[in-house]
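Take a look at this one chain, the form predicted on its own, written out in structure tokens.
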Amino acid sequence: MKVLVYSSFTFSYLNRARVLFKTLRRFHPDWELVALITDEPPAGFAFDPANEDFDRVVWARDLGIPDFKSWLFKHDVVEVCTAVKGPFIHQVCEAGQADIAMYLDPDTALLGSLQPLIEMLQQDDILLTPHLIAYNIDRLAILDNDLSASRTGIFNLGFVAIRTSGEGARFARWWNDRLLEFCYDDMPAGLFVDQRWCDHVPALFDKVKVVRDPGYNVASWNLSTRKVAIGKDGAITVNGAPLRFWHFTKLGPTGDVMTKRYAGDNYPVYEIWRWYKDEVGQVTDKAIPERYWAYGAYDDGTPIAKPHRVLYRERGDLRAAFPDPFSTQGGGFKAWLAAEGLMADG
């Protein structure tokens, strides 16, 4: 049985993705590992996929998305890195590239085998992990975690796994269609990139398993109900179950604050975070500028403001007039914005 695992990221997240793929390779050397990249290498950075722990790179520009530059421009970096997840997994199903396809966010890392997930997929076709598998009692935790999940989605789409046939393939086609058109961070419209869509999955598809094992997708948002322990033999458990993978979301001050708030005196949590930060530091390439994204600016280097992307998204006349909105040759979308007095917006 062939298993394919992919992660979607830009070069500013390559260091995190390197840790993910290193840990995947450690536990599952026979799985095919794919880097899905919506970016171009920065100047001065020599990117050689042959030196990485993934087997191949798929560039988002090669997914066959119609009017790619126009489509891409409508999204910010988070929106587009989630939007391409749907087309890729759908194409894996259509091409019969694997029996099982799994997505993991680049800021996740394995600390145990994921073989139990493969066993689950012998019975079910779609696996999802909810943000919470136990409700909170403390009011602050309810505000931070329960209500956050209500806004951003019941399931965390830093992970999803499917069989590439049956209901899994049907899910992949539906997810492809939704993410190509509706993968935006627009909570008033009921959207939070790919996640809110998957609230519908248990109602729309059969053979869906909600993975409620506490060892999967451990993160700051569920630490209030998960106790991490490290045994004398080095085995790590969460609520007594083996730790499988951790989601190190918001690496930096924000992640530190939320982790400390809910880990409290659960000291093994800090040991795991320290390990992860060390791992990321060791594979960080200084040739990649912080927050780099090739599609974050017009071709003359001017940063693209989010309101400009939203305006372009909402107006079909602008998309028709400027099929390559990144281009400033002969004026382009940027010149139109300036003529309208909108370049300062955002």
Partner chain sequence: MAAGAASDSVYRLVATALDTRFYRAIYDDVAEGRVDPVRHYVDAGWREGRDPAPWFSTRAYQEDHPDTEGLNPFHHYLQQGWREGRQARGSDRRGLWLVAAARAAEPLDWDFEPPAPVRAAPAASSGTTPDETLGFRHDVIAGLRPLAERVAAAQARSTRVAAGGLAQLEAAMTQRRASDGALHISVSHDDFTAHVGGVQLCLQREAAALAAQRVDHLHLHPATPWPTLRTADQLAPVGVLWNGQVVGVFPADVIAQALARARHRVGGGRRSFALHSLLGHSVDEVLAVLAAADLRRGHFWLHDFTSLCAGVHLLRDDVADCGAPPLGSPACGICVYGPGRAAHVEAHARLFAALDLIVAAPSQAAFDTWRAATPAPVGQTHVIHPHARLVASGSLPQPAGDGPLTVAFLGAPVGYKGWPVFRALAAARAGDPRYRFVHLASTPVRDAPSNIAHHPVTVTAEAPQAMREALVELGVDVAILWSLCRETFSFTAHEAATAGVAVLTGPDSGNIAAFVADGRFGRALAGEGELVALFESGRACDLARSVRKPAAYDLVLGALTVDLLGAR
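Everything quoted here is computed from the prediction, not taken from an experiment. Numbering follows the first chain given and starts at 1.
Just so you know, the form predicted in complex with the partner chain exists too; it's not on screen, but the next bit is about it.
Please pick out the stretch from 218 to 226, 85 to 93, 168 to 176, 260 to 268 that is in contact with the partner chain in the predicted complex, where contact means heavy atoms within 4.5 Å.
Single hit among the candidates: 260 to 268.
In the predicted complex, does Asp233 come within 4.5 Å of the partner chain, counting heavy atoms only?
Heavy-atom contact with the partner chain at 4.5 Å: present for Asp233.
Can you work out whether Phe182 and the partner chain are in contact in the predicted complex, taking contact to mean some heavy atom pair no more than 4.5 Å apart?
Contact check for Phe182: no, nothing within 4.5 Å of the partner chain in the predicted complex.
With the partner left out here, check for me: in the predicted complex, does some heavy atom of Leu251 sit within 4.5 Å of the partner chain?
Looking in the predicted complex, residue contacts with the partner chain include Leu251, since a heavy atom lies within 4.5 Å.
With a cut-off of 4.5 Å between heavy atoms, is Asp278 one of the residues that contacts the partner chain in the predicted complex?
Contact check for Asp278: yes, within 4.5 Å of the partner chain in the predicted complex.
Is it the case that Val5, Lys74 and Lys306 all touch the partner chain in the predicted complex, with a non-hydrogen atom of each within 4.5 angstroms?
No.
Using a 4.5 Å cut on heavy atoms, which of Arg315, Arg26, Arg56, Arg61 is close to the partner chain in the predicted complex?
Residue within 4.5 Å of the partner: Arg26.
Among the candidate residues Leu132, Ile272, Cys198, Leu117, which is the single one with a non-hydrogen atom no more than 4.5 Å from the partner chain in the predicted complex?
Only one listed residue qualifies here, and that residue is Ile272.
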